[in-house]
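Next comes just one chain, in structure tokens: the form predicted alone.
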């Protein structure tokens, strides 16, 4: 147990040491300040604008920003569908894989476009090298950059005054990719290749096994997809077993690098926020609330897995619940990965979450249900938490009888309506999708387990979709017409049902003037604010999902203690 705790401490220390300078760098990138990489990236940026016929300096109001974002993403989704449907005749398909069925192609395109990366297919037997690279890996960059752009637009709304402009979507996208995502991905890809992650375009290899049979070993350009999969909090694996596959995650070092990569940019964006608003304490307060929530989640998941299943014996002397875990990573590496990937809306897995204990499986589920704010996805975590910040200052304003304020901007009726919409839309999507699925034949047909565990499988699927996470409980047969379409709708609503209200808030705040703090202004940098913010997040999640969780993992855990399994 001591070594497990040491691993967690090392993780937090390394994360903060890397994210702090990255946040300062990103603040300079989005503010247009000079950086040490100007001579490399500025010519690339200008060339891209010239080829696309774009004026990167032209400012947009929030409607123009949202319009460009929607059109760009819809066209990207259509391109991913087309590539999947044509992959049989496209190059780099040494295994001669056929076109993807349309419902699955639509689901996959919606999923990767929204930074969800829900995978109802086995990558090595469904997608060609060309599809993996030109469609899925490209969308990993674009979807991550979209979230980063929205977060930056919201920060500008908070810092600007008396203007309708919140930046330029195309400029924010290009800078996110060229200046941040691409160089980081190159570095991480090279590290992965050095550790044994494969990167080739070779045909699959057939070998003779020790038992005298034959086995086909999949090849492919894995390292390049693996890096942006983690850095962009995308999560889509090249192989079916994702980061449990030795070609994707071969060593304990790559496992540590992967969990650090998942949290790196979302954490860096909180530091970026503090630098862009010219008050680093604001960023520290948000990060403290995020890390507090995450630490509690990680501790709960780890403790539940260490305690194990009393049916098979339990005790702190040895980890007893090793079902669904890779021996290379053990309970500590598996618990850390499961907590990180669902806190950051990544969805990559090195453990089958269906095999976690009931309460252990509830932790990843609850983190997704809270609204992608416990660190959260790249950009999405920051703007998602900002919605809860507005709710927090509103509650405080009611207590003291003042108009709520944040960073000198009054949070009025319009902002509160949009914030509540952004918070409620994913929750409603989870509950309605789950409710429909448990009362329809098509929804129940995908279950591999009965009772409360079966309900947990359905709840997890829609929480993963609406939270744009993409991880699966691994116990639901989701590659059906019903689930392909339902999950696709869920990921689209969960993504754009939040982004549009966030941009509307950014535009509204940018038009306001900044009021200097007064004697009654509630400080948003102290420990009281941190505790209130974390409490509001938990309270909203508990009030919304406690009944459903009670019928799923909570009652399953109580029944497990009585010797019952499902």
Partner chain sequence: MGTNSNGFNKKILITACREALYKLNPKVQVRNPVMFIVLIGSLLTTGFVLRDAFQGSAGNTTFALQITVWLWFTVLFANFAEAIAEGRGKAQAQALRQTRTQTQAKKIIHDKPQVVEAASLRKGDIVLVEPGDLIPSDGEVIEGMATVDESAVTGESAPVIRESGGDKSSVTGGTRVLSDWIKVAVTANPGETFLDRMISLVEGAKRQKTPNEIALTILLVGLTIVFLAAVATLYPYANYSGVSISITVLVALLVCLIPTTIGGLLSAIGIAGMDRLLKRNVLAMSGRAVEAAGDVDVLLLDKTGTITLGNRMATEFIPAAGVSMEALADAAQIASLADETPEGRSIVVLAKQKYNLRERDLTTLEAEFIPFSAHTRMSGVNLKDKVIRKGSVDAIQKYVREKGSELPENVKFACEGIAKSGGTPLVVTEGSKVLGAIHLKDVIKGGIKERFKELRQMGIKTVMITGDNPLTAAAIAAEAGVDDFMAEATPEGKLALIREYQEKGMLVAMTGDGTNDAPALAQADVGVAMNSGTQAAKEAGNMVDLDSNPTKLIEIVEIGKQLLMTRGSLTTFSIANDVAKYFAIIPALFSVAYPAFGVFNIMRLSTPESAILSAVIFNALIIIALVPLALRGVAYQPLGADIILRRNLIIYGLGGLVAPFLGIKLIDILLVALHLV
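Computed from a predicted model, the values in this text were never measured in an experiment. Numbering follows the first chain given and starts at 1.
Beyond what is shown, the protein has a form predicted in complex with the partner chain; the following relates to that form.
Exercise: residue 327 in contact with the partner chain in the predicted bound form, heavy atom 4.5 Å: Contact with the partner chain, no.
Interface membership of residue 434, the partner chain in the predicted bound form, 4.5 Å heavy atom rule: Within the cut-off, so yes.
In the predicted bound form, residue 516 touching the partner chain (heavy atom, 4.5 Å): Taking the distances in the predicted bound form, the answer for residue 516 is yes, it comes within 4.5 Å of the partner chain.
Residue contact check: residue 551 to the partner chain in the predicted bound form, 4.5 Å heavy atom: It does: once the partner chain is placed as it appears in the predicted bound form, residue 551 has a heavy atom within 4.5 Å of it.
239, 246 and 276 each touching the partner chain in the predicted bound form (heavy atom, 4.5 Å): So, no: the whole triplet misses the partner chain.
Heavy atom within 4.5 Å of the partner chain in the predicted bound form - residue from 99, 296, 444, 138: Among 99, 296, 444, 138, a heavy atom within 4.5 Å of the partner chain in the predicted bound form occurs only for 444.
Answer option from 44, 54, 532, 70, heavy atom within 4.5 Å of the partner chain in the predicted bound form: By the 4.5 Å heavy-atom cutoff, the listed residue in contact is 532.
Segment assignment from 54 to 62, 33 to 41, 521 to 529, 503 to 511: heavy atom within 4.5 Å of the partner chain in the predicted bound form: One stretch meets the cut-off, namely 521 to 529.
Contacts with the partner chain in the predicted bound form - residues in 388 to 414 whose heavy atoms fall within 4.5 Å: In sequence order, 391, 394, 395, 396, 398, 399, 400, 401, 402, 403, 404, 410, 412, 413 come within 4.5 Å of the partner.
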